[in-house]
Structure formats: structure tokens, C-alpha cells
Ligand SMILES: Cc1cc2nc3c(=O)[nH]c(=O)nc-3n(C[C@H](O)[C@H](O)[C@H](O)COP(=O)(O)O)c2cc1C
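Here you get one chain, nothing else, as C-alpha cells; it is the form predicted alone.
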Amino acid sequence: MRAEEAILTRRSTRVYSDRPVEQEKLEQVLEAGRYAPSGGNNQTTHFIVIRNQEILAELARLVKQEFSKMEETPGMYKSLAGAIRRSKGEVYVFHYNAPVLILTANRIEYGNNIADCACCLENMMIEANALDLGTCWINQLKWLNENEVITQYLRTIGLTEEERVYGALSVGYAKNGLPDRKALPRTGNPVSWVD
């Protein structure tokens, strides 16, 4: 798949099959993330790859618990408000039960922490699409990156004291075969030309 096709046909997958992701494909996805640009070529993004289903289940439980303690406020970012609402229901699994969750963490005091993680996530999504894998950008851990319960748990699986999670990626095979690859028309993101 050419780069342009991988970019234009990348879509978010929110329903995954139980099929495990092959190690070779997962390593290719991670390598794409590791080769993303970083501010000053610092290369400080820390990738934490979670495949252990017990850890994923516990993390989902904790995220649901912590979001359910929060309340929506007027003007709140709609996705954050949606996470809070869904957490108060019976079932809420922030990573959509994907077989793999890749956390991108970076140093708290580093000025490009979010930007560097975002570049890594985009590279990984494009590579995953080229490998017939589905992905979805996950913000919930970024929204909870100052939450002590979540931070303490993440430290038990590799997050350091100097880091926070600034984005994550669910990865797996789409439940119904290939990811939905229908390119959608753009309705935003205007371009201004200055000649």
C-alpha cells in the first residue's frame, strides 16, 4: 500500500476480533512510531505495549472507576464528556477490548511531550492500516494523566516518575475483517494559500 493510500483510507476501529496481533506486525507498527519526528530529535517517547488481558481489564476497570467520579461541565470537550457519561453506565471499556494497547508516554517537563507522542501515534496508525490492522487513538489516559490512582497503576507496568501518558493506541484486527477503508470527504481543516 502506498503512503497516500494508507493515509487516506485510515479509519478508527472500535470493534475488534479476538485474533492476536502477530509479533512481527506489532514490531513494524512500533518501529514506525519510533521513527516519528521529535522536537530537537530528542526521541524521548516511551512506548508501553500491553498485551496481557488481565492488565488491560484492570486498567479498564480503574479508568471507568476514575471517570465515574467526574462530572460534566458546560463547554467541556465532547469526547471527555462522553467518556464521563459512558463510565457511569454498566459497561465502559475505554480501549474497545482491543488485544493490544500501546501507551505513548513522555517526560512531564519536556515542552514537546504531546506533539512527539502525537507524531508517533499517527505513524503507527498509518503503518497498522498498511498491515491490515485496525487502530483507534485513545485519549482517556491523557485526560487522567494527573490522576493518582491511574498514575500509580501505570507505574507498576513501566511508567516512570518523570513521565505521563499523552496518548495511546488500540491495535488489533477489526471484528468484521479488514478495517473500514472508505475514505471520507473532508468537511473541515481549511487550507489558505499565500502566494
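Remember, predicted model here, so these are calculated numbers, not experimental data. When you see a residue number, it is the position in the sequence shown, counting from 1.
Heads up, the form predicted together with the ligand isn't pictured, but that's what we're talking about next.
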Original post:
Looking at 134-142, 157-165, 47-55, 31-39, which lies within 4.5 angstroms of the ligand in the predicted bound form, counting heavy atoms?
Top reply: 134-142
Subject >> Distance check, Arg11 to the ligand in the predicted bound form, heavy atom within 4.5 Å >> reply: yes
Subject >> in the predicted bound form, Tyr110 touching the ligand (heavy atom, 4.5 Å) >> reply: no
